[in-house]
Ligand SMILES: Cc1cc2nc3c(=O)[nH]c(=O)nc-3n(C[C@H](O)[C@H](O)[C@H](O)COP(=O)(O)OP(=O)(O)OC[C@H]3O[C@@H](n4cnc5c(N)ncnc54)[C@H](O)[C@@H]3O)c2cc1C
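Starting off, we have a lone chain in the form predicted on its own, written out as structure tokens.
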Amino acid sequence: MSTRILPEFDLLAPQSVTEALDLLATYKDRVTVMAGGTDVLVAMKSRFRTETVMILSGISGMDYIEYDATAGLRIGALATVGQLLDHADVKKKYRALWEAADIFATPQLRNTATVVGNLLRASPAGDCSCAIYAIGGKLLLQSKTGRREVDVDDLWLSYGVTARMANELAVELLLPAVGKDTRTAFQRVTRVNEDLAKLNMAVRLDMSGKICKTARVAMGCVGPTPRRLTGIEGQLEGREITEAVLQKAADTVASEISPIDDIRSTAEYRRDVAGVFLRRTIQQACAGAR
């Protein structure tokens, strides 16, 4: 049952990263961290309950998106999905992420939801999460005792659960620099943009002429977390992306996924369309989107 009335909770509003880390060290798993609040508040209007919420909006200087040709793309913990759309380097160099942001919910939500928050929600339907998984990257976590980097490949442990520890604050996402021969693309299928995806997928292809040197293929809504399709990647790597290669990948993708029935789709539908969307997304990447 959903309601417009929020349950009672204590609100913490740190004004610096240091203050936030002190609070996390004290409260640990008794506090829920909130950035944009687009997931937390909706959950609290349903069945989710928490004693304490720590809101990060009072911390300045964490809403940046910065690109360097050598270091890559740095995204601060409070940078919104909407900011991705306004960043020329994201649109040019990280096309899959830009495309995921472009169809993300509504303008109101895009201007509130954070990119890092989408990762930490650990939903298999996360559009930005799927694109980032295909591109690759690292999440920087900080606690009072120091910092550590978690590769996106190791971030999602199960539905709604990440590798972030209770005393850690996610402070930055780093995506690797991409070359002129890197191609990325994102697609999803849903009823309307405002809905969560029935299926989403993203690819990264590092090309050498017509040959795919390395590939990363990610698909969402086909398991408890976003899933990397390593078998498909192996079929693409070292080969020219021909019709025969695409057909084989489309025919075998169902063996790498484990979708379920839910309110948005059936497992059967997801298995049936997975190959079609795999083919289309790879073709879109090969056509030149980056």
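Numbers for residues come from their place in the sequence shown, where the first is 1. Please read all numbers here as calculations on a predicted model, not as lab measurements.
The same protein has a further form, the form predicted in complex with the ligand, not shown here; the description that follows concerns it.
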### Task
Let me know the one among C212, V152, L169, V217 whose heavy atoms come within 4.5 Å of the ligand in the predicted bound form, would you?
L169
### Task
State the residue from A163, L109, L85, A177 whose non-hydrogen atoms include one within 4.5 Å of the ligand in the predicted bound form.
L109
### Query
the ligand isn't shown here, but in the predicted bound form, which of 254-262, 38-46, 64-72, 229-237 has heavy atoms within 4.5 Å of it?
38-46
### Task
Give a yes or no on whether each residue among A113, L120 and R188 has a heavy atom within 4.5 Å of the ligand in the predicted bound form.
yes
### Message
Since only the chain is shown here, I'm wondering whether C221 would be in contact with the ligand in the predicted bound form (any heavy atom pair within 4.5 Å).
### Response
no
### Query
Is there a heavy atom of A77 no more than 4.5 Å from a heavy atom of the ligand in the predicted bound form?
yes
### Task
Consider G126 of the chain shown here, and say whether it contacts the ligand in the predicted bound form, taking contact as heavy atoms within 4.5 Å.
yes
### Task
Using a 4.5 Å heavy atom cut-off, state whether Y133 contacts the ligand in the predicted bound form.
no
